[in-house]
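Okay, so here's just one chain, in structure tokens, the form predicted alone.
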Amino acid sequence: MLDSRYDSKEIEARIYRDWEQSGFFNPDQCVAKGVTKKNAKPFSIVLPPPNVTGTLHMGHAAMLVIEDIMVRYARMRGRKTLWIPGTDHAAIATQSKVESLIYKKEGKNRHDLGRENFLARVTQFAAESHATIVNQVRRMGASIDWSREAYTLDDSRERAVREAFKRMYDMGLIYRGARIVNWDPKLQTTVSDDEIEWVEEKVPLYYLKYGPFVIATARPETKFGDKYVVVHPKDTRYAKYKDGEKIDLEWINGPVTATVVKDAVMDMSFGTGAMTITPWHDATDFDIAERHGLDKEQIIDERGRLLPVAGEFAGIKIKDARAAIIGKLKEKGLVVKVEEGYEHRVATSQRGGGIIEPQIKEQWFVAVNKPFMKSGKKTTLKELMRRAVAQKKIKIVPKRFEKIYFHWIENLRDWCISRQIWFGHRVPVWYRSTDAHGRPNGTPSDSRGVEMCVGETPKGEGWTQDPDTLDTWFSSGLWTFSTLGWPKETKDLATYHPTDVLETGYDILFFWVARMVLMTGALLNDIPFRTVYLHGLVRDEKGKKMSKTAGNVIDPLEMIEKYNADATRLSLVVGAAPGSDIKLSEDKVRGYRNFTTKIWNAGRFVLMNYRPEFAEVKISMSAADKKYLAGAKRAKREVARYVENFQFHRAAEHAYHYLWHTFADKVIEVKKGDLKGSDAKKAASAYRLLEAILRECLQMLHPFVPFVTEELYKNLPRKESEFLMIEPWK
């Protein structure tokens, strides 16, 4: 007997435990138990690994729901379905979080603890966070194969990272060199582009006299070493100046000799069309200096203070020095005008919170423009990434993001993969000194060299490993194939790679998705996935980004506790078109609890009217009943069509409307009289129809609301399968 009230807390915990214990999340078990044919077509996805820095938010919940819809649907369609779970060590984010907690509690930093002790603390924190995340994933109903769970910092991924680094180094695609990088003065490390947040700010734009030129800048504190003035070769205003011409002029701390440089990168419409460049502290300026072989001089140190080149301003933080520098320039008559309210974007560190100061540093890089041999032809990593989408090997949903993808690749620079932090995959390179004759452990001298070993820990004495760690995205870039056993040639790798779909937020299209294409192309000469599905951001009901500061965060676990998991899932799917942000409120979740109640009540009504004697009654379905059943099957086909075209929001809406407005409001109401009447044949016929349509409804709704549908299915008097989760979708 089904309870009149749907008790989600008891039912969800019990059902998920039953699902896990059945082994049907594992495709091997499905084959072994005859649920899936041995030669069935595979379907595989990997879970974008959540960071082990805390708990899952609504964005993660949306990701889990969309992926679970695909996985449950594929499994019911008879495909050999694999969904690989895992978590990401999230190097900078996790280290920063733990160091902050230690400092608040003990007043110590990582250097006070030492590398080994500090890493033990971080590892403990990551393990605790992992347990929380895994519990949340289960609460969402994700039908993940937990037997294949991975972690970006576990031993298997460590082997994959070392192998990938070694192979790419041997191919000439990884090198160490001095290039401009994003430097975080607060965290004292390089950071990747994805770890930068661009903040709009209004500042004065200063027009400064630079000899016969007037240049515009918002950052006068970077200008001490400027000795090049750049103009466009076609700018008629500066036609009289020759490329390479020397000009003596007065500058901040005295006379300088400036060189005219003509370069087509100049924007003639900005300011006066002339600018001085700071090659050490600006990526565009660095590129100009590289093209023209110009000198590069450091002005700001790694802690954001001015160096001796700034003269009287040396040692001052750049933010504090700006007003004083402008004051001196005014005294010298070098300030032409000040334009207030100039809007520009400032790069800030997502984790450290400070302003990013580009620096030229010796780092490890992946070369994206360097030609190398692949399948007997020369290519570049950038070209591999471009071709994968241009040649339709990879489909991006929605299609409009292809243009953004191509634009990003066209402007891609060599990827800095080394970080000056302790937590993460340590760069797999070892060094030891040699004497003038190349012998190990030589006496330090001017003729001393360095011996280097890449990939595996070398034998012998005197070796020191590179102290830096690798960018988190290096290990997560291997995710689709390292989780399947690479670098070993495993059965999983042969069966499930390339994966079918990579589902993630559009905000990391470049930083993760593109890098997976890069790494898979370089190491496997293949693509990592056939389709990229991009979901939007989950915002509050007013369309604002959720944040703890704004106090508008909705916790998925809290919603599950107050309403239920199925209602929470539906609230994240309905109205969420591919690549579009979704507005979410507690009222929306509450509304879908009403729908799960409707499903429960409709199913309960049908099942409570079952009588054992119905099995003995011979009936033939009337034309009207056949029409009702055909309508249910047609609705299920529409749901399938929407799912297969990645229109999950439409699939959910279609199933919702059929259950509520057709099955519950019309068909059940029409058949109630027959069920309650004295005519046994009519009652049996009515029940048989309602049960048949209920089965169709449970199937089409299961990928979206798996708990309530599984519980109702369990109570059907006649079932084809042990679980609705594995019942064939016909």
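Owing to the predicted nature of the structure, the values given are computational and were not obtained by experimental measurement. All residue numbers are counted from 1 along the displayed sequence. In this text, the rigid core denotes the largest set of C-alpha atoms whose superposition between the two forms falls within 1.5 Å.
Same protein, other form: the form predicted in complex with the RNA, not shown, and the subject of what follows.
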| property | result |
| --- | --- |
| Candidate stretches 338 to 346, 78 to 86, 179 to 187, 451 to 459 - the one whose heavy atoms come within 4.5 Å of the RNA in the predicted bound form | 338 to 346 |
| Full three-residue contact with the RNA in the predicted bound form, heavy atom 4.5 Å, for H654, K714 and W729 | no |
| Contact label in the predicted bound form: R432 to the RNA, heavy atom within 4.5 Å | no |
| Contact test in the predicted bound form: D665 vs the RNA, heavy atoms, 4.5 Å | yes |
| Interface membership of I318, the RNA in the predicted bound form, 4.5 Å heavy atom rule | no |
| Exercise: K41 in contact with the RNA in the predicted bound form, heavy atom 4.5 Å | no |
| Option touching the RNA, based on a heavy atom within 4.5 Å in the predicted bound form, out of Q391, S620, T257, N411 | N411 |
| Answer option from I396, V366, A602, V137, heavy atom within 4.5 Å of the RNA in the predicted bound form | A602 |
| CA of L381, rigid core aligned, shift of 2 Å or more between this form and the one not shown | no |
| Core fit, then E195 C-alpha moves 2 Å or more between this form and the one not shown | yes |
